[in-house]
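Only one chain is included here, represented as structure tokens and corresponding to the form predicted alone.
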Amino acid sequence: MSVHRIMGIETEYGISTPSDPTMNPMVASTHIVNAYAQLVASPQSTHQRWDYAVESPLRDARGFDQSRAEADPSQLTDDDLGLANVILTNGARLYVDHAHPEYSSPEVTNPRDAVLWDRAGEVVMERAAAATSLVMGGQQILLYKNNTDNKGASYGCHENYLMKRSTPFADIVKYLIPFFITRQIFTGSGRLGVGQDGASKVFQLSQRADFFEVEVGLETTLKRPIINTRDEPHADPEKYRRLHVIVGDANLSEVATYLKMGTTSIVLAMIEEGALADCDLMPSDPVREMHRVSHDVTLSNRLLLNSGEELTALEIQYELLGRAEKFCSERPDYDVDVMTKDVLERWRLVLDQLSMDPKLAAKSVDWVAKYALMTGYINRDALTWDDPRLQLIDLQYSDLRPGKGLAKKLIAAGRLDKIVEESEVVDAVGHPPTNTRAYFRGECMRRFPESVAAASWDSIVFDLDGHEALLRVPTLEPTRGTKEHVGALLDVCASAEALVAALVAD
């Protein structure tokens, strides 16, 4: 039982061009990615492309492939549209995902590292925006770590967890839906506005909740499902399933990100081990209840379950936490690592704080911190909830600009707790995790950029002198290609040709 598993976070950033509101967001996003590429890449390394050949975005975990003719164009993520794309030396991917710049973190093995390389993504985006301003003669493109423009559009912060292929998908649906619906109480980033267009100026817990319309499905931009069925493991498909989670908010609180990734990993471990077999917490109308939980800042709404029982989101989370604690207590001490214990302790602490008085969780939960800022202005200046100044606070909370973003100011003032040190974040901007295949990908980009023609999560394609054809090196096992496995080999290979020759010989 552990929070340790292969995981990662993909974040689409909100984007605006206040000096030129007519600028196409795809063009603006391209400026962001290209500016960062010029900032960090060598002249020889700007030609790499993403290797789409190994992707299968229409494969459904329910046992079929959706036809390309039936798919929405946004689902065809294996089409190379020629948009800006950079493979970073920290193993991450920075690219244009339709109308947004997206940072996809490298694969990590635990929730703390997920926080670290997600924070590195914020720094990458900050630097990209600053570089873009210089290139464009001072014209600013603003980036926000949020999930909606409050005009009807939503963009995602997706989580990915590798889990056992042998786990029945029906179990994933049965046990994760109640968990996802209710974890909003500590993972929500807060939003002023209800409904997809945000027309009703009421505060809610989550920026994403109102955009979900079905329980299970393959789509990510239309008819968004609580459980996404995309079956694209980016690893050995016989061994692994990659759970693609699209219900989460983009968090500025490091503790919220840590808990989001850690608690989900624990619940997945219980599902894999069959520890929730006698647990039936499924709401009778999951989509409706997802919305109702988000709309209730008092956390008193009672969800009607299929069993006929009515429980609050807090009570459901306490039930899952209690089962997780019991599951761990029945294991030998050496089988439950320090980080898993820490996640369990923080999970209980945040639930206790929320149950006593949500304001007690203001240093760890984004929606509580944002709500406190807004109510403070309301009380001080006698504002109403539809005052435009509050809408500005909602947006400024997620602003990445130094000195402008309200979440950044709270962190600097010690009013949002931290998980990682800034020196670690700075290092993670340029360096990959050492304990996943991201190390091999990132180090190849750093050492041999002129020889890398393309890359994906599970392969690197080399263009070598003396070889007419491109050479693909598969990296199907996420726990291989680590510093322990290939560090010494990389150190003795002065060229990509020598590296590939050594790999072939091995």
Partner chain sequence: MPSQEKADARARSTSQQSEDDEVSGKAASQEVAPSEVDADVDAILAEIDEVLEVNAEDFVKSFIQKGGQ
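Treat the numbers as computed from the prediction; the structure is a model and nothing was measured. Positions refer to the first chain, counted from 1.
If you look for the form predicted in complex with its partner chain, you will not find it shown, but the lines that follow are about it.
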Residue 199: touches its partner chain in the model of the complex, heavy atom cutoff 4.5 angstroms: yes
Mark residue 347 yes when one of its heavy atoms lies within 4.5 Å of a heavy atom of its partner chain in the model of the complex, and no otherwise. no
For residue 280, is any heavy atom within 4.5 Å of its partner chain in the model of the complex, or not? no
Taking its partner chain as it sits in the model of the complex, is residue 410 in contact with it (heavy atom to heavy atom, 4.5 Å or less)? yes
At 4.5 Å between heavy atoms, only one of the stretches 316 to 324, 393 to 401, 130 to 138, 337 to 345 reaches its partner chain in the model of the complex; which one is it? 393 to 401
Contact check for 97, 220 and 376 against its partner chain in the model of the complex, heavy atom at 4.5 Å: yes
Heavy atom within 4.5 Å of its partner chain in the model of the complex: which of 311, 216, 328, 406 fits that? Just give me the one. 406
Of the residues 234, 260, 230, 119, which one places a heavy atom within 4.5 Å of its partner chain in the model of the complex? 230
Enumerate the residues of 134 to 154 that have a non-hydrogen atom within 4.5 Å of its partner chain in the model of the complex, in sequence order, or give none. 142, 144, 146, 148, 149, 151, 153, 154
